[in-house]
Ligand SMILES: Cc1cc2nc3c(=O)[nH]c(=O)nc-3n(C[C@H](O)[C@H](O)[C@H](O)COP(=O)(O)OP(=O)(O)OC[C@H]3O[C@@H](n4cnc5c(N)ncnc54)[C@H](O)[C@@H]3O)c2cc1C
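Heads up, the chain below is alone and in the form predicted alone; it's given as structure tokens.
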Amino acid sequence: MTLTPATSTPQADAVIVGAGIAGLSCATRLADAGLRVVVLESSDVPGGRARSWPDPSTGIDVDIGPHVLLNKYPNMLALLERLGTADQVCWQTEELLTVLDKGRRLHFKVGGLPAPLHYVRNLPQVLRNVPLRHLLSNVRLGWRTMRSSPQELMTLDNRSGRDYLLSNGVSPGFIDWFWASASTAILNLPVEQCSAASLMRLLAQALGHNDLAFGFPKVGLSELYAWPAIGSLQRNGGEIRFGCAANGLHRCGADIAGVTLAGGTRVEASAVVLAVPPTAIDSVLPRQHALTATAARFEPSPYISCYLWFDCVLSGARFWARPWSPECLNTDFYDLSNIRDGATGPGSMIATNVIWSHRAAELPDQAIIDATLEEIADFVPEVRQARLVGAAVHHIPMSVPCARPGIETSRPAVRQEKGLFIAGDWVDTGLPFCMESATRAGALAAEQVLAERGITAHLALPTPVPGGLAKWLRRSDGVDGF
């Protein structure tokens, strides 16, 4: 692949800063529309917080951390369809999730009855671990959530998840058993620290769909979307330039005229899209810019991911989880040998995630590996007889921004001023911080860039609307989303 030298200064219609999901989502759509697009990426690989690379010791592709897709990700799935890689996702349709709890495997399934009654089929096994009174303590919460409009749910943003759950009568035991795990696994933040609005938006979707399914990439994330997107961009005349860090906006008078690079070179364009995480905004915008202050409110949620290779196949499971506990490290486990088509080596390749990883931040990598092996053995005892032939520990400073109280209503708009746009999972997309939010943000930014040129385009697909009984109970305010 031939890349433009970093010293060139092409004239472009739009320059995209950042080659992650949001940046590439935006760039490919603008290039498809006939615009001359230049993408600047500060690192030497694309993908941002959802990237992959060959592991140095095994040569096998590893992701920065294992990621999960949902079948309710219309924008992400549409992007994969356009790129021709939609068939590289392994969908788990037999069941939604297997949870190892108190030595028992709980197999959660969906489907059958209309939402939200589709969870009834799981009651017999759940009642072995959770008293009925704890389950029933959620009835008022579920009813209120199904009745609420998206805007009404957003009014809860100033409250913590745990405080709101308790105020609705949810038992502390159920909060510790279920809600603590749900908040950590999905919002990457403890339930007592997360926004009630973020948490209840998730509940509204869970109660409104009886056909949820998890999908796992069969290839590394960069192969799934990043390199195919770059290929599409280049076929349409666009450019990708690695090792190019933008360190400021270039203006002509008050108007946006492009960006400046670290060496002083300018890349001139009438539109600039900052597709970078909030932690990188202050490296491009001046301190006095309003967006810089907004971005500073978004705290990163760190995680640690382990990749372990064994000399034999350990199980037939693709994915399992365990309830969050302060005494344990990992929350989710993936046997990639059962997901990827023969590209993981002769034995099992297991990946795990330590979410909200502050408790493991000071541990040496070997201690993390040892603890992870013990936690895998709880589900797959055969691991004690297997030989570990390779291991890698990835320390990731930011998975997603922390969904703390007040942050949902602080999420900025895509269009900041004439010629300046932002894209990323943290902008106001109507979605939680996730790959789908980043993809949709890229599409929304592309719409706005085109609108300034007098071109009307509908590129962003709407967010899922709850169905089943929730469809009839829910008050509408014209705003949908998770």
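Start at 1 with the first residue shown and count on from there. Quantities reported herein were computed from a predicted structural model and do not represent experimental measurements.
Here the subject shifts to the form predicted together with the ligand, a form of this protein not shown in this document.
A.B. asks: 198, 353, 205, 344: which sits within 4.5 Å of the ligand in the predicted bound form by any heavy atom?
C.D. replies: The residue in contact is 353.
A.B. asks: Of the options 271, 308, 400, 329, which one has a non-hydrogen atom that comes within 4.5 Å of the ligand in the predicted bound form?
C.D. replies: Partner contact (heavy atom, 4.5 Å) among the options: 400.
A.B. asks: Verify the flagged residues 150, 443 and 464 against the ligand in the predicted bound form: is each one within 4.5 Å by a non-hydrogen atom?
C.D. replies: Negative, none of the three is within 4.5 Å.
A.B. asks: Could you tell me if residue 234 has a non-hydrogen atom within 4.5 Å of the ligand in the predicted bound form?
C.D. replies: Taking the distances in the predicted bound form, the answer for residue 234 is no, it never comes within 4.5 Å of the ligand.
A.B. asks: Using the partner position in the predicted bound form, report whether residue 187 sits within 4.5 Å of the ligand, counting heavy atoms only.
C.D. replies: No, no contact at 4.5 Å.
A.B. asks: Is there any non-hydrogen atom of residue 449 lying within 4.5 Å of the ligand in the predicted bound form?
C.D. replies: Result no; residue 449 lies far from the ligand in the predicted bound form.
A.B. asks: Taking the ligand as it sits in the predicted bound form, is residue 47 in contact with it (heavy atom to heavy atom, 4.5 Å or less)?
C.D. replies: Flag for residue 47 set to yes.
A.B. asks: Taking the partner as it appears in the predicted bound form, which of 282-290, 376-384, 133-141, 165-173 has residues with heavy atoms within 4.5 Å of the ligand?
C.D. replies: So the stretch in question is 282-290.
A.B. asks: Note that the ligand is not shown here; using its position in the predicted bound form, name the residues of 374-397 with a heavy atom within 4.5 Å of it, in sequence order.
C.D. replies: The stretch touches the partner through 396 alone.
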